[in-house]
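A single chain, nothing else alongside it, follows as structure tokens in the form predicted alone.
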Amino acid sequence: MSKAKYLWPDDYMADPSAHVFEGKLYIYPSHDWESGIPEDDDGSHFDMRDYHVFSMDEVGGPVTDHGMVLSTETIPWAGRQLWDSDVACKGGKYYMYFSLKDKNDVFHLGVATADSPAGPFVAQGDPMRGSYSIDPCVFEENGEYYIYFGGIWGGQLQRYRGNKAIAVEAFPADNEPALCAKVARLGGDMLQFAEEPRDLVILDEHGKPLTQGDTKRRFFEASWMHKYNGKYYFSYSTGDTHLLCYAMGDNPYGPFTYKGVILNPVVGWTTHHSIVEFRGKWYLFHHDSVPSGGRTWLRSMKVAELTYNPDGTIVTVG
């Protein structure tokens, strides 16, 4: 695949989380629509309210929309803004982890379950205990499942320190270590954290944590984890500088060392993605706002082939 391909031109879908289940590629995006809410830096205009599931037998082939599988109307604790999600499979059951504000306008992570990767999903009655912020991603290795999450600005990560809410949200100074994504092992039932979330630290080339002022490299949102040739790759968005970056480490907790840019800025404010291997090739799923005329709140899913250099670094997608 020499250039990125749009996946679903009939509607606006973003933040695609792709996985191989039952021999097919399944994609779990958020669902953009014309909310009518003015755009701001907290993402108030991203007032999504349901999820669809998509699948395809091969990259470049027909895409199937399995329809709406979860909505705010069926989530007991729902307030508004059903943001990014991810799905994991354990023991033949499928678990959807999603970002949603409660009735007090505070983001938490929720879990919904299904017997099929195509859904429908049924939400638990309450959010995950101790959860906060946005953008969950789940990574499995040797029967253990790890959840990664977090996002600053509208994602509310700046409202917490040490997994506790603080009285007034605050960012570190530009020369101080940046706010980190979080990682925690999931419990055996897949419904709760098995431990207190830890900081996922990203180091620079000198072994020092990236600083908050290093806006072209520091974490903003959109966690994703994958493994290639024995190395762990944590990829993420830099948000207001519009880059998709990655760092490499030796275990799922890190620390990770910054390595470079996966995707240069796209049309539209946000960059959110997933990376998956399918039939011997690697693919980057992402989105942009070209089909909507550049409106940042109406995004469309894309896929491009991803390649690696001999040293394991990723070749930047144009």
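Note that residue numbering begins at 1 and tracks the sequence as displayed. What you see is a predicted model, and the numbers here were worked out from it, not measured in a lab.
The same protein also has a form predicted together with beta-L-arabinofuranose, omitted here; what follows describes it.
*Asks:* Within 4.5 Å, heavy atoms only, which of Tyr132, Trp83, Tyr233, Phe121 is in contact with beta-L-arabinofuranose in the model of the complex?
*Replies:* Contact with beta-L-arabinofuranose in the model of the complex is made by Trp83 alone.
*Asks:* Is His287 a contact residue for beta-L-arabinofuranose in the model of the complex, using a 4.5 Å heavy atom cut-off?
*Replies:* The answer is yes: His287 has a heavy atom within 4.5 Å of beta-L-arabinofuranose.
*Asks:* Look up in the model of the complex whether Leu157 has a non-hydrogen atom within 4.5 angstroms of beta-L-arabinofuranose, and give yes or no.
*Replies:* The answer is no: Leu157 has no heavy atom within 4.5 Å of beta-L-arabinofuranose.
*Asks:* With the cut-off set at 4.5 Å between non-hydrogen atoms, does Ala222 touch beta-L-arabinofuranose in the model of the complex?
*Replies:* Looking in the model of the complex, residue contacts with beta-L-arabinofuranose include Ala222, since a heavy atom lies within 4.5 Å.
*Asks:* Under a 4.5 Å heavy atom criterion, is Thr270 part of the interface with beta-L-arabinofuranose in the model of the complex?
*Replies:* Yes, Thr270 sits close enough to beta-L-arabinofuranose in the model of the complex that at least one of its heavy atoms falls within 4.5 Å.
*Asks:* Quick one: which of 83-91, 165-173, 240-248, 110-118 gets within 4.5 Å of beta-L-arabinofuranose in the model of the complex, going by heavy atoms?
*Replies:* Checking each option against the 4.5 Å cut-off leaves 83-91.
*Asks:* Taking only heavy atoms into account, state which residues of 15-31 are within 4.5 Å of beta-L-arabinofuranose in the model of the complex, ordered by sequence.
*Replies:* Going through 15-31 in order - heavy atoms within 4.5 Å of beta-L-arabinofuranose in the model of the complex - the hits are Asp15, Ser30.
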